[in-house]
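In structure tokens, one chain follows: the form predicted on its own.
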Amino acid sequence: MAANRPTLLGLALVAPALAMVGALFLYPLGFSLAAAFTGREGGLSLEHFAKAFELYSGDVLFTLFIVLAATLGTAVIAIAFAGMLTLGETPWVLAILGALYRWPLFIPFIVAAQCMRTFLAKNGLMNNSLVALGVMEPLQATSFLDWRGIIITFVWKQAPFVTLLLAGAMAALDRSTIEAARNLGASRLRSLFDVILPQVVPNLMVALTLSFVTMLSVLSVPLMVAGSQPTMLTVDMAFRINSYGDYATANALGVISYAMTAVAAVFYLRHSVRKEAEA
């Protein structure tokens, strides 16, 4: 019992970390939450939320749609890449794929947004390449710098992160189960979905949860790729502060974002607690 009792030395060692968490995270978060629920008269009020929903209810739904669609797209791409890395049988293809898929991990979101502006524009690299290949006529070229561009950018940026975690989880599996399925005649696709994927679903869900929260907080991509209505909540928050100095409505929009991430946070914490209990 005495060994489990905190000592002064132990408290002194963790005190700087606790102070930084309190000063740099808990205090700003608490202040933002309190300001969102404080009315002009100083009492408890929901007037800022009423204004936020009156002005930006469409953007709330648009944000949720973009993030959910990008999360789903990220899952599909990550499963395909991780499956190829796990079940692929051509060494040089696996070496190239393993070297290339990580590149977006080292590119900041703002650079990714700028890359996509030049790639997805009406006269961008994608349309010019399709015209040069004879796939379509120049008059058929359309710009993807709208909601589609935001989703493509998010998937391009987050798929390597999820693939990295998922491929690592697949590599740690017992290969005998995979080889047994292949020896019984299962195709690679069936082995992936019936044998491998069910064993790594918890890892996939955690990676997607972290990606969901990350994409919900990105400002540069919706601002640079789309830049028109509807837009995401991060752009609305920046607009209320920079154009009107309206921190109250921006805080209310922030609380709405917190509510979205809270669902993902609950799932993540439940998975972590369950994993620690099983360990």
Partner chain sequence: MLDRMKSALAAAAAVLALAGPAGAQTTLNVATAGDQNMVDYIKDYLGPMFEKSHPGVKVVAVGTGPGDGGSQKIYEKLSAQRQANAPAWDFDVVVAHQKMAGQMVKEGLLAKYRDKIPTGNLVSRDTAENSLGAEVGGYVMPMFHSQTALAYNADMVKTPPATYTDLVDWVKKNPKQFGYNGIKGGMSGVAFVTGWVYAFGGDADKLMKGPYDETLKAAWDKSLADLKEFNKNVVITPGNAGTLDMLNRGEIAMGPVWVDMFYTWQAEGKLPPNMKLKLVAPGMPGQPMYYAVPAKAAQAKLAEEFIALATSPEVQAEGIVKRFNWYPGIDAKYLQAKLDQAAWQKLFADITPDDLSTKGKPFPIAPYFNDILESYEKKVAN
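Model, not experiment: these values are computed from the prediction. Positions refer to the first chain, counted from 1.
Beyond what is shown, the protein has a form predicted together with its partner chain; the following relates to that form.
- [ ] Please state whether all three residues Glu54, Lys122 and Val235 have a non-hydrogen atom within 4.5 angstroms of its partner chain in the predicted complex.
- [x] Affirmative, all three are within 4.5 Å.
- [ ] Find the only residue in Ala69, Ala35, Leu223, Leu210 having a heavy atom within 4.5 Å of its partner chain in the predicted complex.
- [x] Partner contact (heavy atom, 4.5 Å) among the options: Leu223.
Open item on the list: Exactly one residue in Ile77, Leu165, Leu145, Leu130 has a non-hydrogen atom within 4.5 Å of its partner chain in the predicted complex; which is it?
Closed with: Flagged contact: Leu145.
Task: Interface segment, criterion being heavy atoms within 4.5 Å of its partner chain in the predicted complex, picked from 41-49, 22-30, 241-249, 210-218 - done: Partner-contacting stretch among the options: 241-249.
Open item on the list: With a cut-off of 4.5 Å between heavy atoms, is Thr231 one of the residues that contacts its partner chain in the predicted complex?
Closed with: Judged by the heavy-atom cut-off of 4.5 Å, Thr231 is in contact with its partner chain in the predicted complex.
TODO: Flag Thr118 as yes or no: does it have a non-hydrogen atom within 4.5 angstroms of any non-hydrogen atom of its partner chain in the predicted complex?
DONE: Yes.
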